[in-house]
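In C-alpha cells, one chain follows: the form predicted alone.
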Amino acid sequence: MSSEQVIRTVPHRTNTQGGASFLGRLFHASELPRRAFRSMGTVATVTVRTDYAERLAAVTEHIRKIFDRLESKMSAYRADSEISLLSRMGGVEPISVSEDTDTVLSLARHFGGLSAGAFDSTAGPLMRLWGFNGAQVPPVRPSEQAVREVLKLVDYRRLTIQDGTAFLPVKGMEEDVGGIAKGYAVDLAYDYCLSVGIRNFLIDFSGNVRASGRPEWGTEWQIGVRNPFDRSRIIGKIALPGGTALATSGSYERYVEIAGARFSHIIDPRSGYPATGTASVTVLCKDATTADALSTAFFVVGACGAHALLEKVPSAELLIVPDTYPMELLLTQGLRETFAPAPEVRSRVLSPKS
C-alpha cells in the first residue's frame, strides 16, 4: 500500500568528519545512470553509480523480469494468478503455491500478528465494500451492519499455509498481498544486484526503496519525502544509508468520495473503516519487505498506537504526518538524526505520550 510518496533521489554529500550535512551540494537523480519500467501497475526505477552505467540496461531488464514474474503469481487483479485462485477456492480446497507466493503469504501472516491485525492481507472484502479494488463506489457510507458482516470475512489468522499449499477456509474470503509484495520484489532485486557484483545502487518501486553503497565517494543516497497536503513540495529529505530500506504510505494517492466525504484506501481491518488521523507514514528499516508492511500498519495505528508497535520493532525508524493543521511531523529519535525537514515544517520526537 505504499504510494509514490518518494519523489526524487539525490546523492547527499557528507562532511569530512563523517557526520551528515544537508548543506552540501545536491545532485538530481537524472545526473546518475537510471532506468525506469512499469510493473504491477506502477513504475520502478533502478539508479546506479556512474561506474556501473554500461551494465544498467541488462541489470534493469533482469529486475523487470523478476517483478513481472511476481506479478503473474501474486496480483489480485489477474484472474490467472495464484492469489486470485486462492481467493476463488476459499471454502473449497487448498491450492498449490510457488515458493515466492508461499514466502509472501507467510510474511503477510507474520506482520499481521506483529501488528495485532493492523496489517491484514485478507482485508479485500472491506476494500470492495468501500468502493476500492474495482468495486463501485457506494452512494452512501456503508452501514455499521454491513461493515460487521464483511468483517466476518477478514482475519489473517484463518489463512492456512502448509506443505506448499494455501487455503482460505470461508467462501468469500480474499487474499491480497499488495501491501507487501512490492517490498518483497525490491528485496529480490537488491539481492540480485549484489549477486552480480553491483554494489552501489538504489531501487525505487512505487515508494518502496532500498539502497546499497553510495552514489559517489563521500556521499549518501538521499530521499525527498512528498508533502501529503501539497504534492508539488517535499517535507524534507532523508539520508538513506546503504543496506537500508524505506517505504511511505499516504492517504492522498487513492481515495473515494461518498456523499461529499473523502475516505482513504487504507482500511483499518480491525474496525472495518478507513483509517483516520494520519496523512502519511514513512518507515526506515533493514529491508523493503518489512518497511512495506510496517508503513501500512503504522498508518493504521497512527500516532496513538505507534509507540506500542515500535516496541516490537525497535530497529525501525518512523516519520508520521498527522492529518492536522498546521502540519507537524512526529519522528523517532534515530530518524531525526538523518532527516532534514523543510524550513517551514515543525517536527518533534515521537514519545509514548504522542
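Throughout, we count residues from 1 along the sequence that is shown. None of the values given here were measured: they were computed from a predicted structure.
Keep in mind that the form predicted together with a small molecule is not shown, yet the notes after this line are about it.
Select, from the options 82-90, 177-185, 235-243, 163-171, the stretch whose residues sit within 4.5 angstroms of the small molecule in the predicted complex by heavy atom distance. Among the candidates, contact is made by 177-185.
Examine residue 296 and determine whether its closest non-hydrogen atom to the small molecule in the predicted complex is within 4.5 angstroms. Yes - in the predicted complex, heavy atoms of residue 296 and the small molecule come within 4.5 Å of each other.
4.5 angstroms heavy atom contact with the small molecule in the predicted complex for residue 206: Yes, residue 206 lies within 4.5 Å of the small molecule in the predicted complex.
Should residue 265 be classed as touching the small molecule in the predicted complex when contacts are defined as heavy atoms within 4.5 Å? Yes, residue 265 is a contact residue.
Contact label in the predicted complex: residue 121 to the small molecule, heavy atom within 4.5 Å: Result yes; residue 121 sits at the interface with the small molecule in the predicted complex.
To verify the annotation, which of these, 150, 107, 95, 127, has a non-hydrogen atom within 4.5 Å of the small molecule in the predicted complex? Of the candidates 150, 107, 95, 127, 127 is the one lying within 4.5 Å of the small molecule in the predicted complex.
Contact residue in the predicted complex, chosen from 300, 288, 319, 46 - any heavy atom within 4.5 Å of the small molecule: None of the other options qualify; the answer is 300.
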